[in-house]
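This document opens with one chain alone, in structure tokens, the form predicted alone.
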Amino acid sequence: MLNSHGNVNDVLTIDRAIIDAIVVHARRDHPDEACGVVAGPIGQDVPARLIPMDNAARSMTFYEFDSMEQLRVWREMDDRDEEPVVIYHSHTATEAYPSRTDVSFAGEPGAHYLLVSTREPDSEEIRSFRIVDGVVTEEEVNIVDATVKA
């Protein structure tokens, strides 16, 4: 049965290596928020290629893709028949839950919005959400040890 997002279920299945790389990016950019995209083949909902991006806002409370970098990345995904499967960013002082600003800037209704909280120095909180028309729905994160490519 399809849900309101057109998916069979609300689960983000993602390779542990990609999650680990996102956490490294978030820790490296701390105390500023880190951000980026995980691209995957169009229509498959498979996050396959990590694309760390610069936080043009250089902020501890806000992230913003650099417009030229975003244009380049989206064109590259288009050329490779990919789409943004995951859009990620970190929260450095709060829980991993979308802020009002995050919700207002969520422009990819088909994407998973992954948040990593780096507020605790020895652990990370990792959560994923769908954000469609201002409605936030949390989904399960299924971390797998290897993505099998057929």
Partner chain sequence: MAIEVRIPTILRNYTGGAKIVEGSGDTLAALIDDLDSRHSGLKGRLITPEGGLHRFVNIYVNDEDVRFLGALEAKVKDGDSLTILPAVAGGALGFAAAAALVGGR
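These figures come from a predicted structure and were not determined experimentally. Positions refer to the first chain, counted from 1.
The following text describes the form predicted together with its partner chain, which does not appear among the structures shown.
The partner is not drawn, yet in the predicted complex one stretch among 43-51, 116-124, 81-89, 23-31 has residues with heavy atoms inside 4.5 Å of its partner chain: 81-89. A residue is said to contact a partner when one of its heavy atoms sits within 4.5 Å of a partner heavy atom; A96 fails this definition for its partner chain in the predicted complex, lying far away. Annotation for 53-92: interface residues with its partner chain in the predicted complex are T61, F62, Y63, E64, F65, S67, M68, Q70, L71, W74, R75, D78, I87, H89, H91 [heavy atom within 4.5 Å].
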